[in-house]
Every structure is written in structure tokens, then in C-alpha cells.
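First, one chain by itself: the form predicted on its own, in C-alpha cells.
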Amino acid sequence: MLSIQNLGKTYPNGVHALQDVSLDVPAGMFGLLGPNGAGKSSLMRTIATLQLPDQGSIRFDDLDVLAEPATLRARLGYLPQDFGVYPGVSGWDLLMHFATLKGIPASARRSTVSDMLNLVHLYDKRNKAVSTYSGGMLRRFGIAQALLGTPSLIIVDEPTAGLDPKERHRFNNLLAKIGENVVVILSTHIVEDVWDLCPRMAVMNSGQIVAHGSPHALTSQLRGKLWRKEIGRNDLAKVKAQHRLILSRYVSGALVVDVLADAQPNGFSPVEPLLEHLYFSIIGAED
């Protein structure tokens, strides 16, 4: 169990990145959603001991994370959104270096690195410089380093960015399997991944936790309050003026709007809520 209590962080430029954040994250997959600037990366960097909060506490099982950061790092797998590499160093050598830093015994290092590279389908590229990898390959390499040393806490920030659909599906299956026994925090903009993978989730906005719980339970709160209509392209402003717009999008060339209301508006049909409806109902409608 990861327990975060009253966490606060203000940067020197005055940005209140975290505001009294409290959250309990049990073993399993935990989804973290929120717009850019919501504080997700600040929260993950703080949990990963890359920055200190101004206030609050973090415990992982019986470990005081802020008091013993080195102990937490030995149990941590972390993939930031921007994963840097050393120019000219091969994938094999760099992953061997990471394995050494993780404390993997020399006797098991080569086999562990081979297994990780095979897992992310980079073994045949192991002798190439990581700086020459494509965006998708670099993301896969970052996933491999995050999984080194069988971590008990894994934090991944936009892990499938740059992956094609097949790779994304493969990685999500891998995360789900790993998440059966450890704490995995998945921060992503892909709402459907949270719905598919995560029994529990939270939504952040403006440095605060604004919703948390089961994706299904949270979404069910909108049932019977969500309505849909196909409209003309020039009618969107009118809909916004009359209703609480949650989502608008083009479907087969037609503009379809979803609105939130306690009673069924004239001309609208009921629609079963999805997690994206919950998300936009919290952070504001998508324009």
C-alpha cells in the first residue's frame, strides 16, 4: 500500500503544483488522469524521491519514503515522460549500467538484461546506440529499464506514447500482469487504458485530487444524466448556451454532442456514460 497524506509542493515560480494531496494506492493497477499542468508529473516525481515536497508524508508499506529515499529507490521502477539517454551508448551497455545501479548481482545481470530486451522486442537492436532509436523504440527501452530488478512499486508516465497499436496492446498486457502483485501507477492521457486496466483511479486538476475510486463506480454516477444529439455544425454555440456540454465530436462526418442534465432535453437521446464523460465532466468540456 502506498499512502500519501497532505502532500504540498510550490515551485519557485509560484506554481502550486500539489495542494494537500491525499491518496491511498493499493496493490494493483492504479490510473492517474488529468490535463497537462494538473500536477500528475509533480506527484510522481515526488513519490519517486526526485524532489521533496513542502509538506506532507509518503509511506510505502512500512517505509517512510521521505526519510529513507534510497530504500524506496531500490524497490522502485520509474519511467518518466521524458526519458533521456547517453549518446553513443548501446542499448545493451546502457541497460547493463542500469542493472548495476539497481544492484542486480553480476551473475544474473547478463541474463536479466537479455530477458528485458527480449520482453520489449529490442534484443536484435541491442548493439545500436540508444540515441539512434526511434521514438517508439526509445519508449520500449525505457519500459525495460523500469522493470529491472523486479520492483514492488512501478510508476509510469505516459508509457505508451510513441508506440504503435500492437506495441501498446503488448505493453498494456505486460503491465496488467505485473500489476497483479505490485503497486503500479499509470499516468496517461489515454482514458480507455485506465478503464481497461485499472480497478482504481484518480483524477487530478490544478494540483488537487478531484475524484478517486473505481472507474466503473465513478462513471455510473452519470447514468441517467447523459444525453446525446446529432446537430448542425452551426448549432454548437447554441447547445453550449443552453446545456452543460460534456463532449462534442464528429462521427461519420456528423457533429454529435453529449450533454449533462438531470432531465432529458428535448430532441436528445439517453447514452450510456463512459470514462471520458466522467473525465470531461470534471475538468471541463472538450472544445
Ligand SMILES: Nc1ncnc2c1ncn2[C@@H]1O[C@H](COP(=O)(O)OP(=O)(O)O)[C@@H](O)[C@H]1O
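Throughout, we count residues from 1 along the sequence that is shown. All figures in this text were calculated on a predicted structure; none of them were measured in a lab.
Below, we turn to the form predicted together with the named molecule, even though it does not appear here.
In plain terms, the part of the chain that comes close to the named molecule in the model of the complex, with a heavy atom within 4.5 Å, is 31 to 39 out of 31 to 39, 65 to 73, 246 to 254, 225 to 233. In the model of the complex, at least one heavy atom of residue 81 sits within 4.5 Å of the named molecule. Taking non-hydrogen atoms only, residue 45 approaches the named molecule to within 4.5 angstroms in the model of the complex. Residue contact with the named molecule in the model of the complex: residue 17 places a heavy atom within 4.5 Å of it. The named molecule in the model of the complex comes within 4.5 Å of a heavy atom belonging to residue 13. Taking a 4.5 Å heavy atom cutoff to the named molecule in the model of the complex, none of the residues in 199 to 222 make contact.
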